[in-house]
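Have a look below at one chain only, the form predicted on its own, in structure tokens format.
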Amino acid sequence: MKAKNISYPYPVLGNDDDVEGKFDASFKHMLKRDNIILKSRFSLKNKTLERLIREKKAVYTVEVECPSTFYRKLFSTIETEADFVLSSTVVREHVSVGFFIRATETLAEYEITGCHADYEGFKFDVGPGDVLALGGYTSFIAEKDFDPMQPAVSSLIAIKQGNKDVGPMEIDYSQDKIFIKLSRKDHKNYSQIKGQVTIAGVLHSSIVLPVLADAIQLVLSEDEETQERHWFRRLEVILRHQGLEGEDPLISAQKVLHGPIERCLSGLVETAEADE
């Protein structure tokens, strides 16, 4: 889960070192024909917040937001395991999911066990809906055909003809897909061989692999100029689901493409043996 540290006027668990303890959330989603099931699990370790939830003065909340449709909704529960359902018509493409603990009523003179020394001796007025703990953020793609473990490269990258007769390929990261622009000469040759099975690995290794590695570097560095693009968000989900967020971008790109170097060499061997 990604965390976003924000400045609050009172101590919040999970916000830097404001409060000792732990608040974690695990999440899975299931895409059905007419709805989406959000399966959330919470783990909390802080006596004050545990008590407030038992007393229903605070709740676990799941915030769902879809930039494509402007949908935003909060789901809440006092249970450590809960499933929430939303219509599949209200979200599209990238969906962001955040996890919090929020107050359900006014908490006058609020204080929390394990708070940082900077907050000791102070009491705060917390209102309904105010955040008491942060559990991080995750996201998913609301598209039944999208599989982050077996992603179609075509959902991220497209190869097309550029404006130059000859020369090196150019990369455009500014669109919803990454566009690899080949010179007219290169694109003509590419068009003649792209449908051949034995050539697929060669194309992935020589054209797609370096571009994907560079794109992964942009995702890991949270590049501000591209992070709102569909390819960025899809690649972010792919890396998280495949456990590649801590890997070297070039290694990650090879894993996402399922061994392009091996397939490239195997294809070249098949071609050489056929020629013989």
Partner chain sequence: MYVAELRDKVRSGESLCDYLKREVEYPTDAVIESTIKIDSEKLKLKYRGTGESASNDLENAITLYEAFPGLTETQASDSRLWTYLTHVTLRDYVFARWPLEGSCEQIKNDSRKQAIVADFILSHWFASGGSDRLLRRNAAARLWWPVHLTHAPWLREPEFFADLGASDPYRFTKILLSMESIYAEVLERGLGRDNRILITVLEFLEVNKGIKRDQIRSFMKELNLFLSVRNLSLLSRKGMKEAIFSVGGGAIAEMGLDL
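Bear in mind the structure is a predicted one, so any value in this text is a computation, not a measurement. Residue numbers count along the first chain shown, from 1.
There is another form of this protein, the form predicted together with its partner chain, and it is not shown here; the text below is about that form.
K.L.:
So which of 168, 121, 195, 128 gets a non-hydrogen atom within 4.5 Å of its partner chain in the predicted complex?
P.N.:
When its partner chain is considered in the predicted complex, the option within 4.5 Å is 128.
K.L.:
Looking at 200, 158, 82, 85, which is the one with a non-hydrogen atom within 4.5 Å of its partner chain in the predicted complex?
P.N.:
Comparing distances to its partner chain in the predicted complex, the residue within 4.5 Å is 158.
K.L.:
Counting only non-hydrogen atoms, choose the one of 112-120, 200-208, 70-78, 144-152 that falls within 4.5 Å of its partner chain in the predicted complex.
P.N.:
Of the options, only 70-78 has residues within 4.5 Å of the partner.
K.L.:
Taking the shortest heavy atom distance, is residue 89 within 4.5 Å of its partner chain in the predicted complex?
P.N.:
Residue 89: contacts its partner chain in the predicted complex.
K.L.:
At the 4.5 Å heavy atom threshold, is residue 228 in contact with its partner chain in the predicted complex?
P.N.:
Contact check for residue 228: yes, within 4.5 Å of its partner chain in the predicted complex.
K.L.:
Looking in the predicted complex, any heavy atom of residue 23 within 4.5 Å of its partner chain?
P.N.:
Contact with its partner chain, no.
K.L.:
Is residue 236 one of the residues lying within 4.5 Å of its partner chain in the predicted complex, judged by heavy atom distances?
P.N.:
Result no; residue 236 lies far from its partner chain in the predicted complex.
K.L.:
Is every one of 63, 102 and 179 in contact with its partner chain in the predicted complex, taking contact as a heavy atom within 4.5 Å?
P.N.:
Result yes, every residue of the spot touches its partner chain.
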